[in-house]
Structure formats: C-alpha cells, structure tokens
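This document starts with one chain, in the form predicted alone, laid out as structure tokens.
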C-alpha cells in the first residue's frame, strides 16, 4: 500500500426541486461541460456549509478546534466592541483597522473580508484593552500610543502566532486564508474542493408562485406574485486532502486533530447539503455513492467520466457505471495503486475498492495520518 499522502473523496449526490447555489441574478449557477450546460455548486458554497454545519460531526465539535470569524468588521465588533470611553476607542480604531486590514482599512467598503481565529482576535482585544487603560481617558495620548504600537504590530502578532496552536482557527488550517495586508499570515489550504456539477445536462424549471393575503376579502386573494428557478440534478463532487499539508497547518496539534478532522470531514461531505431555500425546498440529500482513495501520487479528478452527459433516465446507475468505467481506464493506464473504500446505495462494485458503511469509511480515513512516515 502506498503512503497515504493524499485522501481523495468522490461523491454522487442527488437533489430534487432545489436552488442550491445562486448567481448574482438569482438563477442557479451553471457550467458548460462537454458542450452541455450543467447545474453547478461552487466550492465556496460547499466549504461554507461544511464549515458552519451544526451536526454531531461538526468541525467545531472536535476537541481542541478553535473557532474563527470571517468579516470586514473584526476590529469594530470583536476587538473594540464594548470598550470605552468612546473618544479613546475612536482615537485608536483607525490604527487597529489599518493594522488588520491594511492602509485602506479605515473604509469598510475597501476592506478585504478576512478570516481571523479566536486566538488572534483575543490577542488583539487584549492589546486594545491595554492601550485604552494606558491612555487614562486621554484621547490624544491614546492616538500616540496606538501609533507607536502599530510599528511593531506585525512582529508581535507573528510571535503570538508562532507561540500557539491554530492561531487562525481550524477553518484557516483546513481551507486556508489570504491576508493582503500581511502576507506572512497567509495559510495554504490543504483541503482542495472542486465545484460540484451535474453529471447530466441541466434540468431546470421556472417556478411561478404567489403569496396569498389571508385577510384579503378579494378572491382568490393572491398578493405577491414572484418567479424563481428550481433545478434537479445528480452532482459529482470531488475533494482532496493533502495530509502532510494538513499536519503542517495543525502544528503541535496534528497528532491529536488530524484523525478526528478526516473522520468528521468524510461525514460532512456525505451528509451536509448546501442550504439555500430551506423553508421552501428542503434541499437535503446524502451521497448515493462515495469513493475514498488514499495514495502518494498526484490526485486526479474523475470528472472526465461525465464529459459526455449521462442520459437523465440512466440516473445513479448510469453515473456509477460511467465512473466505474473511467476509473478502470485510469488504473489500466497509470497503475497508481491507491487504497480504496466506497459506499453505494446500489449493489455494485468499484475497481480495487472495499465496500463499507459511512462509519467504516470515516474510521478508515481517520487512521490514515498515523500511517504517514
């Protein structure tokens, strides 16, 4: 068995009459592939729902996993919120905004939406409280003290980050972050997520609907009249985890966290759906097929299996057959030797893969980090 440097996760998941991920015009996101328009779910959408899922396998439920916040208002709400007196806080706020968001940080609209971990935010909050206390209620003194503080800001926050585990929180350790105001704070993502797309041509419907005014004396009482789009689809999803990269980002906590993270991530990918229009579409689905692969060769997507759209009538059976055929072709050509596990709602086999339940697949993934040399 090759060393499990990469964990690849392939899924087929079906959704019916839903609008999972919309573009700026309110329509479903799309992708043309193989000459056929498909419905698409962006990787950003998928990651957000896995990141914030309230679930027995939620990432934040892992012992030792610190939270993080992504916002343009980290300083306003998390660092300076509730501090006083107001003139002193107002005097130091521009300095903190620039320190975190860069030279354009004093303008909310010009700020980059940044991801900071709870430990980073707590350190900034402590620094703000110290400067406010030292000012003794003098706004002018506070401004001068803050300017002096800003000169060593990058050096001091870098030292804090080096001294603690997961300074950017678990989210940054998994999905990475970019901080344009301080490139030393950038984190490379070890979890790579592809945009999911339907294995068949798009299936969409324009849904005309009305809201009925219960108190109207007119019949039938229709008040608001609107139109939205609904789509159906069987989506191919693909995720890669770079295990050494994950261990690097977790630092001293890698030995304790890597296994539980992979265990929970497998559950989240299989069970957590993008959540738009919950009240009107109940867009809940679970993977009908999940294939896990562990190996030391460069990962490769199996999306090409669906370059020719699977006939809609073929459904999960046709998609599984297409994926199986393509996987066998890749094995014959490249002999990459990945170790494999899979679950399927169908009575089928996949090349070189042992069948299991979701729990068995998650347990298998959780054991991979211990096999790294």
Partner chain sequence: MSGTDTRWLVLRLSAPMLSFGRVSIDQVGPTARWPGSSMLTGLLANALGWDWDDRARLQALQDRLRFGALILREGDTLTDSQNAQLAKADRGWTTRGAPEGRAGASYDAPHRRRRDFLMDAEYRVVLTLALAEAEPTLDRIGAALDRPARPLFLGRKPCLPTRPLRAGEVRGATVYAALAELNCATPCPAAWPKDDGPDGHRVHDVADTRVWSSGLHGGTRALVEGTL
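Residue numbers count along the first chain shown, from 1. The term rigid core refers to the maximal set of C-alpha atoms that superpose within 1.5 Å between the two forms. Source: prediction; values computed, not measured.
Keep in mind the form predicted in complex with its partner chain is missing from the figure; the text below concerns it.
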Contact of residue 314 with its partner chain in the predicted complex (heavy atom, 4.5 Å): no
Does residue 120 reach its partner chain in the predicted complex if we count a contact as any heavy atom within 4.5 Å? yes
Residue 348, heavy atom within 4.5 angstroms of its partner chain in the predicted complex: no
Can you work out whether residue 286 and its partner chain are in contact in the predicted complex, taking contact to mean some heavy atom pair no more than 4.5 Å apart? no
Has each of 128, 165 and 367 got a heavy atom lying within 4.5 angstroms of its partner chain in the predicted complex? no
Which residue, 30, 70, 49, 60, is the contact with its partner chain in the predicted complex, using a 4.5 Å heavy atom cutoff? 30
Please pick, from 230, 139, 158, 247, the one residue with any non-hydrogen atom lying within 4.5 angstroms of its partner chain in the predicted complex. 158
204 to 212, 184 to 192, 104 to 112, 277 to 285: which one contacts its partner chain in the predicted complex at 4.5 Å, heavy atom to heavy atom? 184 to 192
Any residue of 292 to 328 with a heavy atom within 4.5 Å of its partner chain in the predicted complex counts; write them all down in order. 296, 297, 298, 299, 300, 301, 303, 304, 307
Core-aligned C-alpha movement of residue 149 between this form and the one not shown, 2 Å or more: yes
Residue 159 C-alpha shift between this form and the one not shown of 2 Å or more, rigid core reference: yes
Given that the CA-CA distance for residue 22 and residue 115 shifts by 3 Å or more in the predicted complex, does it become closer or farther? farther
Taking the shown form as the reference, report whether the CA atoms of residue 115 and residue 365 lie closer or farther apart in the predicted complex; the distance changes by 3 angstroms or more. closer
